[in-house]
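Take a look at this single chain in structure tokens; it is the form predicted on its own.
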């Protein structure tokens, strides 16, 4: 594992070489304002510091929508035979920002918890991650620093930092060393020191701020369980579930069984699900544990800032990317909601 200096052109050439060997996804412009992690084509230009957060986070490539779990086919013996899906092909997620990187490492832990998810794990071990450092807020919605996601490096195989003198390329794993073998970069003996100097130029505050420190959020949310803030925001909510579907750390899904018209073959799949949709907590009866939209808003916040942080010990499960507020039709912003509750219970200013 080492550090290297390269020009943007050299790094771009290296990434295009990697893209010839395996699927490589890089944030690419879609339409006038949006970006998406799409396969890097031979003639696609790479923008190192000029891309906004993608609508859908890169971690969704590891937990895709409409994923086949197995198929079934009736054989000549009239018994159903179950076939697992084809193994996923090796891929590279490149240009992953620290907030999304933290989201992926949190998903790694969640999906490894018993019972471990073999589908996610098989895809994850076949995935190389090339992360991109953030030296300035990516847009006006971000609050990654406030929730401790800004400095994330865990889970990356290669870490890129834009410097005045070029691109600092740091290998953080054996897989990082492997994919850098074909790169013609200059060795950099003081790479870590150069990165720390560059990170020291970040503006303060870096993006938006929480009214309280993240460690105080679980107790604050317990105190504010009956807060009218949830219902006030709920009055604007359409319960569409977009906030969950663009979140780097949401992983809920539902399982579906589909049979062919001839009745001899079938498929079991899982699709993304959302705790903000009215039917999510509906059970037989019919009974609904969270029939009111304000209750669903409360559940969403408590999962991000209380339930999951206390269960897994990984800090806030909101990584501060700002996607949910950016994509919300009703302009409901999770940071504003948390700060309003903090003020109400006396935990913020």
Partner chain sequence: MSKDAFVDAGLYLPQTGRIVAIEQCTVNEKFFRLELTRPLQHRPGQFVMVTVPGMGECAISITCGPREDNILEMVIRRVGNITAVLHGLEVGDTLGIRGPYGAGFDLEEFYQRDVLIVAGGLGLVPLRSLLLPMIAAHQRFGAITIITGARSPAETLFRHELADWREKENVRIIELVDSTDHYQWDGEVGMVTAPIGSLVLDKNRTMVVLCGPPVMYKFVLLELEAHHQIPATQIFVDLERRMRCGVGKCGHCQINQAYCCQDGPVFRYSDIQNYPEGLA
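These numbers were taken from a predicted model, which means no experiment stands behind them. Numbering follows the first chain given and starts at 1.
There is also a form predicted in complex with the partner chain; it is not shown, and the following applies to it.
Among the residues 79, 164, 204, 181, the one placing a heavy atom within 4.5 Å of the partner chain in the predicted complex is 79.
For the partner chain in the predicted complex, the listed stretch (193 to 201, 87 to 95, 144 to 152, 263 to 271) containing residues with heavy atoms inside 4.5 Å is 263 to 271. Residue contact with the partner chain in the predicted complex: residue 111 places a heavy atom within 4.5 Å of it.
The shortest heavy atom separation between residue 253 and the partner chain in the predicted complex is within 4.5 Å. Mapping the unseen interface onto this chain, residue 307 counts among the residues with a heavy atom inside 4.5 Å of the partner chain in the predicted complex. None of the heavy atoms of residue 185 is located within 4.5 Å of the partner chain in the predicted complex. With contact defined as any non-hydrogen atom lying within 4.5 angstroms of the partner chain in the predicted complex, the contacting residues in 37 to 75 are 69, 70, given in sequence order.
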